[in-house]
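Quick setup: one chain, the form predicted on its own, written in structure tokens, and binding and motion questions come after.
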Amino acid sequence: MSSREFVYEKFRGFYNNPSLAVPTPVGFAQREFAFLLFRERVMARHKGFANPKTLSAFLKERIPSDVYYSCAYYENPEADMDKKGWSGADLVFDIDADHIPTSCNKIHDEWRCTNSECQFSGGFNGKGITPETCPICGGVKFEVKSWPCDVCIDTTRAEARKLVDMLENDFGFASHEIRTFFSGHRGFHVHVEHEAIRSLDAMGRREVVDYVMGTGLAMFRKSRKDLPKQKKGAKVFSLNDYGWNRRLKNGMRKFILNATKDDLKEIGIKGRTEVILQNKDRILKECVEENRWSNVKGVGVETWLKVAEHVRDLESAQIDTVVTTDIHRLIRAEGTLHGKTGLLKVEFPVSQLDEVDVFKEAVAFKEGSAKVLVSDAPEFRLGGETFGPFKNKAVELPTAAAVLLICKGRAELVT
């Protein structure tokens, strides 16, 4: 049996399990479903199902490596795009370590340009986040080897936490109106299924994205002459207690409380570092709490703007902007397998975002083992156990770990 056939059989067993919980999104019959078929390696799109039973039968027969459904609701899900009859869409967010710099991606993520004309022998390669274009030949196609680890998950978890906080406290959604998922790979999905947002067009969703990412905040667009003035004509820095002003105020409180001299220099503050460090208590009380930002002599508007801009970057949520603005977007279906890992996309309550252990909850294959030859893999956790690191080593592993390594291109089945 080949490695690919081994994984296929595991996926087939999963989708043929009588206890399989078939995904049943709200408005089931109005959704377009799409599948990346395991053996054919082609995308089957524009599929509609009258009920979960017919979807279950399709999964058992076709065995997909990945299952998606549309964030949109359609009158005719199986029609061509221009004839589907769009009637609204959920608001969905994708937070993925593939797009966020982490302290670990230069350790376990690799990429190589696959352009045959690349001037670099074998294709230019590197570690970390994959560039948009090859710096040598300008190519846009890459072979990528990534890895899901605890650092990736904790980094994306922090971004998801900020996003959920905005949805609840700035947009006014209740926690039960927000659905949170582990994607099955290296991040989280957040869905808002609410009548208030269904009719938003792409431009309206762009406004949501800009807010979440802190893009275009007015205070950073203003020139000095546009800043508010006191009676004597001096420019003033001021923050109120709602929206991004409140976020900046809270973030500046945390930053100033913990800031070191190096932290201040790193954001461009040089001549006023000692003044800020020596007056932390006063700044926190009079500036942050009482909104009297001009009370500390020697620290003016430009300094506070630099701190606020840095805090804006810390407090914004890093999301895949294309996913949220696309009113026809396909999103991975909950309870289905991820073709790059063999892990499940699993839902959990918003209240458990900080505690959920995705490398336990998302394990689909809990029985059996397999012997694999691992070319290269870092130490990793899965199903409550720790494995590796491995380098050119044959090892017997639980099925879930073996499937993960094979799907990530880091191991082959030993027969």
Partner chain sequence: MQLEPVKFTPNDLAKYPFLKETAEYMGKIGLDIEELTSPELGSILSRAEERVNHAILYVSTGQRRENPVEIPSFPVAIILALATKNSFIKKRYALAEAKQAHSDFQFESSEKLLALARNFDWDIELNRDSSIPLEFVLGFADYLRNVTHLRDEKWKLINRFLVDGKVYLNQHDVARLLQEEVQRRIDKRLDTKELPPFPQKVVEIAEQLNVLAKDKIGEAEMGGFPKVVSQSAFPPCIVALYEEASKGRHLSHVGRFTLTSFLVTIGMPPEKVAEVFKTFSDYNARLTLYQVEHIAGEKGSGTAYTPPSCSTLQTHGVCVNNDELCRWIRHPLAYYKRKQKTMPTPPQAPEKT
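Every value quoted in this text rests on a predicted model; they were computed, and no experiment measured them. Numbering follows the first chain given and starts at 1. Think of the rigid core as the biggest set of C-alphas that the two forms share within 1.5 Å after superposition.
There is another form of the same protein, the form predicted in complex with the partner chain; it is not shown, and what comes next is about it.
Contact with the partner chain in the predicted bound form holds for all three of K141, F171 and E207, each having a heavy atom within 4.5 Å. Of the candidate stretches 153 to 161, 319 to 327, 71 to 79, 335 to 343, only 319 to 327 has residues with heavy atoms within 4.5 Å of the partner chain in the predicted bound form. Taking non-hydrogen atoms only, A196 approaches the partner chain to within 4.5 angstroms in the predicted bound form. Mapping the unseen interface onto this chain, I276 falls outside it, with no heavy atom inside 4.5 Å of the partner chain in the predicted bound form. A residue is said to contact a partner when one of its heavy atoms sits within 4.5 Å of a partner heavy atom; E132 meets this definition for the partner chain in the predicted bound form.
Using a 4.5 angstroms limit between non-hydrogen atoms, W111 is distant from the partner chain in the predicted bound form. None of W244, F237, W147, F255 but one reaches within 4.5 angstroms of the partner chain in the predicted bound form through a heavy atom, and that residue is W244. Shown without its partner, this chain lists E289, E302, D201, E266 as candidates; in the predicted bound form, only D201 has a non-hydrogen atom within 4.5 angstroms of the partner chain. Contact annotation for 80 to 102: no residue has a non-hydrogen atom within 4.5 angstroms of the partner chain in the predicted bound form. Superposition of the core reveals a Cα shift of less than 2 Å for L257 between the shown form and the other one. Core-superposed comparison between the shown form and the other one: the C-alpha position of T102 differs by less than 2 Å.
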